[in-house]
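Next up: a single chain in structure tokens, the form predicted on its own.
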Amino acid sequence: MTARTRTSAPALPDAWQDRGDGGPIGVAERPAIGTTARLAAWPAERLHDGAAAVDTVLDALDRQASRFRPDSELSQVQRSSGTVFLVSDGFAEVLDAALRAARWTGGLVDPTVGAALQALGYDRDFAAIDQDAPGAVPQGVPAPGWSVVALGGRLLERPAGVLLDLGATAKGLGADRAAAAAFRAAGGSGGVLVSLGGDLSVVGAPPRGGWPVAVVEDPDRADAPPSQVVRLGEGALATSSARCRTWRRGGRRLHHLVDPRTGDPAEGPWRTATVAARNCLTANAASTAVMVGGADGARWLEETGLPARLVSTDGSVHLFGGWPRSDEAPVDVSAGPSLSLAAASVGCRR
């Protein structure tokens, strides 16, 4: 598939589709890592170099953390009967992010839910899942708990048989990595926005007034109407939803946000949670924690001070941490915690 060529700019790399309007901001998107990657850049002529950089980042992330690629580092760990592994620097960063998020959220976000997701039927790339399989309703498989996993530098310790899923943090980390790489490829000037299925990160100088971001209740649906448009001058934003990535087993509707305490899809009062933070790793982990924790998750979120917009199952909207009430208003991400990565040991062994 060949992408269109923007006037006076190089052709986009293969698989990217130009979505811009010929103005000063270039926009393109492509399928990637089971979702849609979207890149916006200004000046528009920086779009080509930024797209190539995003490709490199997302290919590396897929090779590190995909549950569905047999050649990924994660898949190699999962297949092994061993318990100690020397992993790459990039995969160590992904694991570090997952364990830090687990500790920060009190286990509401837990990378050891791999077996639970498999038991529910999410055992392959989502596009390949049988959306309505007959048979018995699957039983929840509680997660063994993130603290059974330890990471010291590049040395991973994981009990044999514990299956990891890094989806609650890897996409946010990927958005942060991709935005930083695209900005560097653009010469370190102007600004870029990278969105992975609605989890987005911005780097550099934003357009005047900030990047316009449409908050939608079904982030995986391209035709979903926006509920609100806010302006993001820095940082990141992520949305978690119980209305996307759904399937049925034995007549029961299931979704991908698993409560590690039960191994079942979370059944809280929220249908979507949108959180803003200084990086997408933090925003992604927080939005997932709220959905999994339900009312407890909302209380935890309030204590963080992060700006957030939650929509309950009855459609009512609840705002936290100074989230703006009006359209086109800026979101301030300067307050609140931020998950940072460091070469410290994370986790412990029981």
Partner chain sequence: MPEQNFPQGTDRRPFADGDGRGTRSDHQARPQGVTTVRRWSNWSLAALVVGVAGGTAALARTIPSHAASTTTTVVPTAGTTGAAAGTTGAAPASGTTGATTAPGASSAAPSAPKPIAVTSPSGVTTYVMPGTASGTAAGTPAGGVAGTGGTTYVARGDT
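Residue numbers count along the first chain shown, from 1. This is a predicted model, so every value here is computed, not measured.
Below, we refer to the form predicted in complex with the partner chain, which is not included among the displayed structures.
- A residue is said to contact a partner when one of its heavy atoms sits within 4.5 Å of a partner heavy atom; residue 140 fails this definition for the partner chain in the predicted complex, lying far away.
- The partner chain is not drawn, but in the predicted complex it has no heavy atom within 4.5 Å of residue 135.
- The closest non-hydrogen atom of residue 241 lies within 4.5 Å of the partner chain in the predicted complex.
- Residue contact check for residue 296: none of its heavy atoms lie within 4.5 Å of the partner chain in the predicted complex.
- Among the residues 119, 180, 150, 77, the one placing a heavy atom within 4.5 Å of the partner chain in the predicted complex is 77.
- Stretch 82 to 90 is the answer when you ask which of 141 to 149, 82 to 90, 97 to 105, 260 to 268 has residues with heavy atoms within 4.5 Å of the partner chain in the predicted complex.
- Taking the partner chain as it sits in the predicted complex, the stretch 33 to 64 comes within 4.5 angstroms of it through a non-hydrogen atom at 33, 34, 35, 38, 40, 42, 56, 57, 59, 60, 61, 62, 63, 64.
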